[in-house]
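This document opens with one chain alone, in structure tokens, the form predicted on its own.
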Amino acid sequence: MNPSGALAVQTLSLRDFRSYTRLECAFAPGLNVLHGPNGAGKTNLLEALALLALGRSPRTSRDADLVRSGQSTFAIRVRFGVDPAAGQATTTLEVTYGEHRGKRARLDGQVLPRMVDVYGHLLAVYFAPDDLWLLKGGPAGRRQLLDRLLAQCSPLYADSIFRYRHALAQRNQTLRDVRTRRAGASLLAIWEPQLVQYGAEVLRYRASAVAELEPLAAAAYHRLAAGAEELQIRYRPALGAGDGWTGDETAWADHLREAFREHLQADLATGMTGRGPHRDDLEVLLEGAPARVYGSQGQQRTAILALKFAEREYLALRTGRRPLLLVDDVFSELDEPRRRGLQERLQGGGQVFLTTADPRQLQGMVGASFFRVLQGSVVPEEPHA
């Protein structure tokens, strides 16, 4: 699918979210530079936009952490659309939280049944300095990257991963019950059909997505690093030998079914399911070597940025809409050649939100709109010379 337009946030409203008491701010459809001292609340704005797109914060798993000190609720609302400045129709998306009822979402005033239903409306890709842990940390973060990407462009994937995780939790509980003799081993057969069905769907989607992401990420890295190294990404399923990608969902299901049965005794011993999509990994390579081990910090940061640009391009191709790009304080971590490469990429179209403590780093960014963030306010200002 060819992208038909770029998503753009027209207004963002916050109530008792993080450091903000009340905020109503309008943004430009292109590059929006949010600058101010550390601790002023710049990152909180990106977090609010990411939460609206993903249904959860990319910075914390505790919704209560998002509530302004002394309060018990928060509300975030955004009005957005494809080219809203040209008079195109806009959509309103709102997420509210209360300490007793949790999070709820509304789309144009209508309550969404589940938070997972937020996916696919306000598309966004988020980058933060802490994202280095995507390379340096364990596989969970890299799986999460794939899951969030695929859930935004495929309601079927969002449903499949949700149902797989539910069946996995039930099987793990049954394994523990069998281990402690509170249940018979025959009960495990109840969960296998669901794990196989939804797990095979997850595996097919992930493998196909990585195959499409790789050339996009390689091209983005080449531009960011001025051709210094070659980047590759590889999908590494955790099903053991012989589980190569065939493109056939039936084959994935057969591999899963066999893995569950072969590892049953080990699963009973640990009380955990040791094989399946919940153990998969995404490997990032530079010149054929693992970036997490052999890459410098600058190379690793550039590799993550390349993955984020690839995510954005993948979503645009899959949905026909170019997502928001949310980039938190990255320029200070890059050398001058990579900084220039990033500036060129950021001016390639679509709406971008970029934070910095030093707007002088962004000299030469044509068409950027600048906003000063300070003490719970966001004030538009003239571009810096």
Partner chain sequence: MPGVGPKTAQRFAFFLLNGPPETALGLASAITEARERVRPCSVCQNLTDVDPCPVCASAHRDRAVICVVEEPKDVAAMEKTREYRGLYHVLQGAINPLAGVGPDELRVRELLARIGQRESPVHEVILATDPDVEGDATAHYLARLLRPLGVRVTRIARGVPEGGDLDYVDQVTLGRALVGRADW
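Residue numbers count along the first chain shown, from 1. Note that the structure is a prediction, hence the values are computed from the model and not measured.
Unshown form predicted together with its partner chain; subsequent notes refer to it.
Novice: Its partner chain is absent from this chain, but in the predicted complex, do Ala207, Gln232 and Arg234 each have a non-hydrogen atom within 4.5 Å of it?
Specialist: Verified in the predicted complex; spot residues all out of contact, no.
Novice: Under a 4.5 angstroms heavy atom criterion, identify the one residue in Ala253, Met115, Leu268, Leu187 near its partner chain in the predicted complex.
Specialist: Result of the distance check: Leu187.
Novice: Pick from Ala289, Ala226, Ala169, Ala140: which has a non-hydrogen atom within 4.5 Å of its partner chain in the predicted complex?
Specialist: None of the other options qualify; the answer is Ala169.
Novice: Within 4.5 Å, heavy atoms only, one stretch in 300 to 308, 152 to 160, 214 to 222, 75 to 83 touches its partner chain in the predicted complex. Which?
Specialist: Contact criterion met by 152 to 160 only.
Novice: Given that its partner chain is not shown alongside this chain, does Thr174 nevertheless sit within 4.5 Å of it in the predicted complex, heavy atom to heavy atom?
Specialist: Thr174: yes, in contact with its partner chain in the predicted complex.
Novice: Hey, in the predicted complex, is Asp131 touching its partner chain, heavy atoms inside 4.5 Å?
Specialist: Output for Asp131 is no: heavy atoms all beyond 4.5 Å of its partner chain.
Novice: Going by a heavy atom distance of 4.5 Å, is Tyr126 a contact of its partner chain in the predicted complex?
Specialist: No.
Novice: Is Thr92 part of the interface with its partner chain in the predicted complex - any heavy atom within 4.5 Å?
Specialist: Contact check for Thr92: no, nothing within 4.5 Å of its partner chain in the predicted complex.
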